[in-house]
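Just the one chain here, the form predicted on its own, laid out as structure tokens.
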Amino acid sequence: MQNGQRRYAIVGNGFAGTTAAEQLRKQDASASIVMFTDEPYTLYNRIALPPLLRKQVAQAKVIIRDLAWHEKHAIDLHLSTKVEHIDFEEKVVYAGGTGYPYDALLIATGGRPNRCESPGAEGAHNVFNFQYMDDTLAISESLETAKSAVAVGGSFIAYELAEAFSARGVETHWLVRGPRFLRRMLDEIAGEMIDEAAREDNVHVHYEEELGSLVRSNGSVTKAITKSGKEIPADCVGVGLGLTMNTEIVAGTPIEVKTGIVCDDRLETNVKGIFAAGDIAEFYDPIADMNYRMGTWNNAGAHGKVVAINMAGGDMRYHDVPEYSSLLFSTQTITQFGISPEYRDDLEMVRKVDAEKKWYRALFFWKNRLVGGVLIGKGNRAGKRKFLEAIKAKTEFPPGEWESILDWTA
């Protein structure tokens, strides 16, 4: 702190980092706030990238905060700037050959998509990841002339690619390594409902299939060959094989790293004055009594608000219930809240299926407490608020009542 002015440094200008910067400015009009991103863009809405790829929104509508906004709020944003080194003892961030002292530091670097390592993928002009604005624009251009496209992976990213390919009128093939989409969270019945939605949108889903190799001509892929020997024409290949968290910035430091940067429910790491938020944060959830990462837009925004208060010397705990909702092709929707078997393998489940309405409900219990759930089906979100309240309150329910809770609508 210099001349009474508190100094904040934020690495990453995604939703978590930018929300934190905005909240810090609201709390302290005189503070110094510097923020770094290696992308050339100000904050944009990553939730809007799939609609942008489907050509349902314009690129200008995806940008949330422009340079004028940063200038107005006196946030010193450095675009296309990679942080080279952080001196945690001297509390200085080095970027572009310049040192930026800080009193509190936020690391909100998120993750980067895993590259396709199948033979033929490296250097191909039409093999894409789908994480950033530039990815979206490149895929969109490729789809202008593509007749057949392949989405690879059983993740949400792979689903969004398959959905966009189909929406753009391209013959779409989706390679899912496991027996169903989101196999660690959804059971077989839910998987069948998603499969039906995919088929209704003319998506060819290939389960228990992995990409073996890609055939190229003049630097571009023309065909995908699966490990089982299937040959699929491919003018565009989209890859959704998970993320690797950008933790290199803390390598060799005392900061604890597991799947992400470990922090408490204040989002502070084991090194005082250094915080993590968003996808990178492996935060402590007192409801589930465990640390985990949750890579959702809502979670990132909520993290940003909480971490700003604590960076400024406050004491706020992150006790929200993470949640997200999404379309699933043109006929289905999914809402997930709390934790699921993807995060703990000792959860107990009850479910209810309405085949006529194409509705599915699953609730997850741990130590007789409701801790999460999945709702599939348009119009099937009633009761969500009551579910969230019960999770936050840590209410215990005898097992005999679990099935009746599925019918909550208020």
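The first residue of the shown sequence is 1; numbering continues from there. Since the model is a prediction, treat every value here as computed from it, not as a measurement.
Omitted here: the form predicted together with a small molecule. The next part is about that form.
A.B. asks: Candidate spot V11, V83 and S325, all three in 4.5 Å heavy atom range of the small molecule in the model of the complex?
C.D. replies: Yes, all three are in contact.
A.B. asks: Name the stretch, out of 168 to 176, 201 to 209, 294 to 302, 308 to 316, where some heavy atom lies within 4.5 Å of the small molecule in the model of the complex.
C.D. replies: In short, 294 to 302.
A.B. asks: Give me the residue from G120, G154, G191, G111 that has a heavy atom within 4.5 Å of the small molecule in the model of the complex.
C.D. replies: That would be G111.
A.B. asks: Sort through S213, Q131, T244, T253 and report the residue having a heavy atom within 4.5 Å of the small molecule in the model of the complex.
C.D. replies: Selected residue: Q131.
A.B. asks: Even though the partner isn't displayed, in the model of the complex is I249 close enough to the small molecule, meaning a heavy atom within 4.5 Å?
C.D. replies: So I249 counts as contacting the small molecule.
A.B. asks: Just checking whether A16 would be counted as a contact of the small molecule in the model of the complex - the rule being heavy atoms within 4.5 angstroms.
C.D. replies: Output for A16 is yes: heavy atoms within 4.5 Å of the small molecule.
A.B. asks: Just to confirm, G238 within 4.5 Å of the small molecule in the model of the complex by heavy atoms?
C.D. replies: Taking the distances in the model of the complex, the answer for G238 is no, it never comes within 4.5 Å of the small molecule.
A.B. asks: Hey, in the model of the complex, does P341 get a heavy atom within 4.5 angstroms of the small molecule?
C.D. replies: No, P341 stays farther than 4.5 Å from the small molecule in the model of the complex.
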